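Shown below, as structure tokens, is a lone chain in the form predicted alone; questions about how it binds or moves come after it.
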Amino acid sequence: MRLNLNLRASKTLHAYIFLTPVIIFLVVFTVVPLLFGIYISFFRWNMLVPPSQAKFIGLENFRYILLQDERFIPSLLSTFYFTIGDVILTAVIALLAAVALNSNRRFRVFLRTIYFSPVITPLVAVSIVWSYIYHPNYGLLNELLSWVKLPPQQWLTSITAAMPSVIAMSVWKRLGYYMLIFLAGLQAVPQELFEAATVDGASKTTMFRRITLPLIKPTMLFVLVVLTIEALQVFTQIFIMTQGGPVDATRVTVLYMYDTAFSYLRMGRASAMAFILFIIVLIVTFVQVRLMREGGMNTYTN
């Protein structure tokens, strides 16, 4: 008995030794910044003095942001606009592409490579390239429109077109990654179910709705949650392609947070924005998980 206990303790010690670098990295680069951000959100600090000299103001930053700041709520609405468009389009197109790819076994490897190539391209490079594609004078899209006798569009300088243009680029960038996740979920569905449904005379639409969708609900839940978290924190493509313009039409919360911290040196107020966004992400994720689990169980039992 003592030998077994010593062996178990030795294995546990070795496990903690191997996990130590990861734990240190997590604490230093995630836990400590998170706690410091929450701490500094209750202070007025401009980063020009040590944090120990910051002035404690309690909930004043949160009160100002939620009640007096005329740009924070519009930035939240812009973030929700981007999130809804990006999540719905990416999830739907990725699922349809995965279904098509799953039924086309002949060119599957080649098509997977084509779809996945934008994913491994740096987002900064993609944003710069798409900025040139959207250019109103010599961009590729307006050149294509001229071929069919259509007028050029102000893709990134129009209040109504700027956000949809950024959403389109974001969908193209991440489509391949989530398509592969859906493809893995589709390939895990037992083929015997489709064979039995075919014998019973079920159509492809019925099989997709009654068999495929209920059985890939865990995959869909993962995709929707991760997509939503990423979309709520959108920054890079907005910063490079529009800088929040035109007229704040694409000024999302993280970009406004960045400007508040590094342009206006109001780190306490920016930290309060980050904490509010963190709470929103938690709430949205919790609601998604609850809805998907309840909906998935009801669909499967029906």
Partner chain sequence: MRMRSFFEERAVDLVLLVLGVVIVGPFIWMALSSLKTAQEIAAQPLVWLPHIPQWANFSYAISKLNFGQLFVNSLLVSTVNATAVVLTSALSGYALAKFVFPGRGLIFILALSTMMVPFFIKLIPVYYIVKTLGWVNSYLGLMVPHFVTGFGIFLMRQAAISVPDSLLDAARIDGCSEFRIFWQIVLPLVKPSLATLAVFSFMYHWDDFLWPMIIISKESLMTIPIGLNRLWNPSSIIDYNLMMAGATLAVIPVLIVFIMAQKYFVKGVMMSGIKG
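Residue numbers count along the first chain shown, from 1. So that the term is clear: the rigid core is the largest set of C-alpha atoms that superpose within 1.5 Å between two forms. Quantities reported herein were computed from a predicted structural model and do not represent experimental measurements.
From this point on, the text means the form predicted in complex with its partner chain, which you will not see here.
Proximity to its partner chain in the predicted complex, taken as heavy atoms within 4.5 Å, picks out 112 to 120 from the listed stretches 80 to 88, 189 to 197, 207 to 215, 112 to 120.
Its partner chain in the predicted complex comes within 4.5 Å of a heavy atom belonging to Leu183. Though the partner is left out of this view, Phe235 does reach within 4.5 Å of its partner chain in the predicted complex, counting heavy atoms only. Not displayed here, its partner chain is approached by Lys11 to within 4.5 Å at the level of heavy atoms in the predicted complex. Contact between Ser131 and its partner chain in the predicted complex is found at the 4.5 Å heavy atom cutoff.
With respect to its partner chain in the predicted complex, the three residues Ala15, Ala125 and Ala261 uniformly fall within 4.5 angstroms at the level of their nearest heavy atom.
Shown here without its partner chain, the chain has Tyr16, Ile17, Phe18, Leu19, Val22, Ile23, Phe25, Leu26, Val28, Phe29, Thr30, Val31, Val32, Pro33, Leu34, Phe36, Gly37, Trp45, Met47, Pro50, Pro51 in 16 to 54 lying with a heavy atom within 4.5 Å of that partner in the predicted complex. Once both forms are fitted on their core, the CA shift for Asn46 between this form and the one not shown remains under 2 Å. For Phe278, a C-alpha deviation below 2 angstroms is recorded between this form and the one not shown after rigid-core alignment. In the core-superposed comparison between this form and the one not shown, Tyr138 has its Cα shifted by less than 2 Å.
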